[in-house]
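Below, in structure tokens: the form predicted alone, a single chain.
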């Protein structure tokens, strides 16, 4: 167990350094910087622009700026936002909490739907239930997340049941605890559904394939011959046998959903990392871009680490000497 955690933490450290260095190099290759809009102002003199470059450290070589940023990471700041004038860490972490509030229930809902539809199709391959679930998955896969988000906004506008965007109503501060909770859940419903529906097609194919293979195993046929019911076969025999590949997929889906939520957050005005990262890209606010990108990478590593630990717990073969998760 400790060996698995240590290896993953080492991979995470290497990933952080590689992604951060790549962000700095790519930002250097893109023409312009944070002061590019100011250069278009005829009232800005060359001397004032150079003074601002020196103040923000933009006149220093790339390697010096990168080492300075690494030092700020060790101090828990993750650099300094030029647009907001504050350290990046509290700015990014606050928005990351909102993104996780959206991504976690969306991941849970997507897996629940995929397990139900995948088990339904795997019980009788080629049957009407299997064709219906596969058709639904193919339809959802053909619809981009942007279109799903716009359709959700249209439903909210026409029905009046759900808010059109944001995370809280203007009058939320006047509500009590339960009133604020209900208000957040109303704002959370449609973005969660959009993210879940966008993830279901990929999960559905893997769940159906894993359960279909598990249901063809000899011990499952033996259990069915002893009169074990279909529901018990799925839950007690097939699902544990299909768990290893599905748990590995769970770790990947938990991390990639965070990056997939960026588009939905922007369209549906959810105050997460998506709008913050988009504003930082337009403003050339490098440290915010790097901080948000690194946080996405770390959450992907955390999802894979969680999947490895779950695999280690459910698969006794991984606990043998010399086994690699």
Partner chain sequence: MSGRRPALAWPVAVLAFLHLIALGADVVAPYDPAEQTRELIWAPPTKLHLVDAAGRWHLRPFVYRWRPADGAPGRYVEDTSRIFPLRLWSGEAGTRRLLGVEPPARLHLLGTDGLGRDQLSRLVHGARTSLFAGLGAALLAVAAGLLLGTLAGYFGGWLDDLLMRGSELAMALPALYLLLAARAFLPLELGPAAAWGLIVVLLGLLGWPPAARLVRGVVLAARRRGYVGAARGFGASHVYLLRRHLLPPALAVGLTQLVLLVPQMILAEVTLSFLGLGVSEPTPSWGSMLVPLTSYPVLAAHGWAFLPALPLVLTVLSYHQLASAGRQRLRRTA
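Numbering follows the first chain given and starts at 1. Quantities reported herein were computed from a predicted structural model and do not represent experimental measurements.
Omitted from view is the form predicted together with the partner chain, to which the following refers.
Although the partner is absent here, residue 65 is not a contact residue: none of its heavy atoms lies within 4.5 angstroms of the partner chain in the predicted complex. Remark: residue 70 does not count among the residues lining the partner chain in the predicted complex, judged by a heavy atom distance of 4.5 Å or less. For residue 189, no non-hydrogen atom is located within 4.5 Å of the partner chain in the predicted complex, even though that partner is not displayed. Of the heavy atoms in residue 74, none are within 4.5 Å of the partner chain in the predicted complex.
None of 164, 223, 112, 193 but one reaches within 4.5 angstroms of the partner chain in the predicted complex through a heavy atom, and that residue is 164.
Of all the residues from 266 to 282, those having a non-hydrogen atom no more than 4.5 Å from the partner chain in the predicted complex are 266, 267, 273, 274, 277, 278, 281, 282.
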